[in-house]
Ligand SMILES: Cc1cc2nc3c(=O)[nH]c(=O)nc-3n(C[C@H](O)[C@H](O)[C@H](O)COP(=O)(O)O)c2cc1C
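First, one chain by itself: the form predicted on its own, in structure tokens.
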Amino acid sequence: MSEDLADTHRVIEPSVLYLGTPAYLVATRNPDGTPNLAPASSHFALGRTIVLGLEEGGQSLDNVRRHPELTVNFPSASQWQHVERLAGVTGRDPVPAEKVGAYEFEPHKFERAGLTPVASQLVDVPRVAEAPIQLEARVRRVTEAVTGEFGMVEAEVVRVHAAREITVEGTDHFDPEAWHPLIYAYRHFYDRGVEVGWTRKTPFAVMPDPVERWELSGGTWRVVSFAEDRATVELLRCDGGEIAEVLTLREPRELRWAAVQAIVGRGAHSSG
């Protein structure tokens, strides 16, 4: 390995590995039937299963072991203050010894956060009315972590509620431009950054209007060059492949479209 490459990184020991994930509010049911609400950010989802990392000894994990239902509520970036209002409180009474001095008991978590509980449709745990995305879920398995510090909660999502303004009307898709999750990274909150690109599977990679019109007329096209500030597209005749027109793209979203075509090797393309 070259010395230059070896010097680009150094070994560190961060206390946590929150590299930047959406924060969420998990609602669970207390033994007396009242709701508990807690902020968290450790999670991933595949298909209709969401896996949450919840702290051992916390009220949320105790609750789902007793009553295996929950809701997972994703706030927008603008709602970070509501999440932070829950940072120093716990639903455990008495407060666990390791949290005394840093946390206080709060039985009314929704009120403390300035949020509104709304009844779920398929589970007996409320949702956060203000959260743009609300998931109703049933817990299928809780696995103790190897370290014993947290539990991995695997839950089946049985219903998804999404604010109209972050969905694409007439479809079941979220609008990636409209959705601004609250990103948590190393004890700081962030909004989503600007779009830099997309995958080839996105349903929203709309080609530039002139290219689309040419394709609909039966012609073919190819991206022949791409740079940060411009891309060149040749429009080709369908009868012999001769160049009919050369387009220069400069608009940022059109440039990202051209970049995807170059990445996936679509130097030439036709509709049929």
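Heads up: residue numbers just count along the shown sequence, starting at 1. Because the structure is a prediction, the values reported are computed rather than measured.
Beyond the structure shown, there is the form predicted together with the named molecule, which is absent from this document and is the topic of what follows.
Residue heavy atoms within 4.5 Å of the named molecule in the predicted complex occur in exactly one stretch of 168-176, 198-206, 181-189, 111-119, and that stretch is 181-189. Proximity of G91 to the named molecule in the predicted complex falls within the 4.5 Å heavy atom cutoff.
In the predicted complex, no heavy atom of V223 sits within 4.5 Å of the named molecule. Heavy atoms of K99 reach within 4.5 Å of the named molecule in the predicted complex, making it an interface residue. Using a 4.5 angstroms limit between non-hydrogen atoms, A87 touches the named molecule in the predicted complex. Checked against the named molecule in the predicted complex, the residues E212, E245, E242, E55 give one hit for a heavy atom within 4.5 Å, which is E55. If you take 28-46 and check each residue for a heavy atom within 4.5 Å of the named molecule in the predicted complex, you get N36, A38, P39, A40, S41, S42, in sequence order.
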